[in-house]
Ligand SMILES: Cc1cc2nc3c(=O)[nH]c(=O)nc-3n(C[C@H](O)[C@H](O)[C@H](O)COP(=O)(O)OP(=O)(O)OC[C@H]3O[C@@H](n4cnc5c(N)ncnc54)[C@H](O)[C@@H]3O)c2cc1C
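Below you'll find only one chain, the form predicted on its own, shown as structure tokens.
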Amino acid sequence: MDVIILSPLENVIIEKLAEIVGEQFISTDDADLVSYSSDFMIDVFLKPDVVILPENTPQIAAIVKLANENSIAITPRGAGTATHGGSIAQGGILLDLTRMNKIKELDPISMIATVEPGVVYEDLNRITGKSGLWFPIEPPSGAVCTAGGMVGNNASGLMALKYGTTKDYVLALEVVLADGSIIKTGKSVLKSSSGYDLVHLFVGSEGTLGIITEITLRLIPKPMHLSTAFASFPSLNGLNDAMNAIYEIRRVLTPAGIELIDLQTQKAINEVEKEKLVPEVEILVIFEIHEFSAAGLEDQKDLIEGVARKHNCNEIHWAKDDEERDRMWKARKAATVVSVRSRTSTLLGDLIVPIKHVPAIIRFIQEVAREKDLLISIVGHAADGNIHYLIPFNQNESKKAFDAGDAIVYKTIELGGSITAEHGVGLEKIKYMELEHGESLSLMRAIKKILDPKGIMNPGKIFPAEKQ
């Protein structure tokens, strides 16, 4: 059955939805619909027909049941910090989950927190931090992004090298399925071998299989000692020097994070911020290390500094205090935004390749930039192979910008990589899914059809249209 969307004639549906959540938490006002029509980065504007802000799981179950009975598309959304269109509703119902922002339980003994999907990442860590605990993903958008969005996209962040991604911390979920039924999957335990791992089926599913309404997360102790450094690799061979240092360091220890920023991005950061937040060198690497003893921290600093200098790092500067450390990370977090100020639109790439191929993909991106006469900024979680590239463009540059994006993705797959490491597929990367997954894509479709036979759950995302 084809998914339909609401029309102004179907006032009876609007009235039923208003009965579920209350009239103050539903809107068909055009100004409200426009405010939900895009996300953080994608240059696409698609309006829902109605926006609803539910307060709890029973309300969501009732909304989804009504949508299913009437074959109406339904799209979940958190803070809208996605970058590939996964939280944009192509008509139908948009569920804004930000009212569901309670921390339902914090168990400091078991080191577990159970939260609603609208809880903001940094708000959660402010509360857990009082017990010396931490959800350590550290996405750059952590001040606003929500737990539900992080689970839906299997988000990652600045500390993924040491601590992994969101999926490594999700123990249990409550999910409203497409027919309005509610299931709980997983347990508040650290391991289980009982049955299929349904928890991780929903992690990264981008709202296409159900609406996540409760999340149980594993927490870890906060490190007692930490330090952050800028390492400058100034030579024209700076990329090779930096990566050779990173390869060697990774073989003997695991820093919390290792970030790479190219020269163009460094210049953009300093220009837009109107202060010299970063040195301007061929390649700048940010190292962050965490330890539970001061002596252990110093040992790591000495090792990193020795290896970096061996590979032609001319300066490595460790933050003197928390204020300076915050300034270093301010620069890295600003990179996504400042690189796009000079153009009207932006194409943001999120790829991952085997770590040995990081120099190859970066050089390829730089070559594409020269061939297409485009400004392409490069930053990334260099030590796990996850590279972000940003292509700002004006309207008359749109074709060559998207051609450049295609070329970069095709090269990524050729190198054995993946089209997305942490941002999700959404709308923008659908066209590459068959190329990456081949025949296994049909199994994904089959799972989707079992859980959502009418196709109402965030339709048009992840999967390319089936060939007739």
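Residue positions are given as counts along the sequence shown, with the first one as 1. Note that the structure is predicted; figures quoted are calculated from it, not measured.
Omitted from view is the form predicted in complex with the named molecule, to which the following refers.
For the residues T83, T228, Q266, T216, the 4.5 Å heavy atom test against the named molecule in the predicted complex is passed only by T83.
Contact with the named molecule in the predicted complex, defined as a heavy atom within 4.5 Å, holds for exactly one of G238, G157, G92, P223, namely G157. Picking from 302-310, 266-274, 329-337, 352-360 the stretch near the named molecule in the predicted complex, with a 4.5 Å limit on heavy atoms, gives 329-337.
Contact annotation for E422: at least one heavy atom lies within 4.5 Å of the named molecule in the predicted complex. In the predicted complex, at least one heavy atom of M150 sits within 4.5 Å of a heavy atom of the named molecule. Proximity of I211 to the named molecule in the predicted complex falls within the 4.5 Å heavy atom cutoff.
Using a 4.5 angstroms limit between non-hydrogen atoms, S377 is distant from the named molecule in the predicted complex. Candidate site formed by F40, P76 and P140: every one of these residues places a non-hydrogen atom within 4.5 angstroms of the named molecule in the predicted complex.
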